[in-house]
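Only one chain is given next, in structure tokens, and it is the form predicted alone.
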Amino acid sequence: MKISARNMLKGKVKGIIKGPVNAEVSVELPGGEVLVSIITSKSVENLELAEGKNVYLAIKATNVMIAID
């Protein structure tokens, strides 16, 4: 697999909440942190995602915002 995104993280699917159009996929990283991605329910099916499956997170953002109280 080759991809232009420079930020690649490997993790394991922790949970999937599937809706009629989109799904919320939680991925646990090796250090225990959890990242959540919203993808289409069709993509969940196409990728055959299930709890415990090893996946890669490709992060490509043009903006990352920082806020303080």
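Computed from a predicted model, the values in this text were never measured in an experiment. Counting begins at 1, following the sequence as shown.
If you look for the form predicted in complex with a further copy of the same chain, you will not find it shown, but the lines that follow are about it.
Contact between residue 14 and a further copy of the same chain in the predicted bound form is not found at the 4.5 Å heavy atom cutoff. When contacts are judged by a 4.5 Å heavy atom cut-off, residue 20 counts as touching a further copy of the same chain in the predicted bound form. Heavy atoms closer than or equal to 4.5 Å to a further copy of the same chain in the predicted bound form belong, across 36 to 66, to the residues 36, 37, 38, 39, 40, 42, 43, 46, 47, 49, 53, 54, 55, 56, 57, 58, 59, 60, 61, 62, 63, 64, 65, 66, ordered by sequence position.
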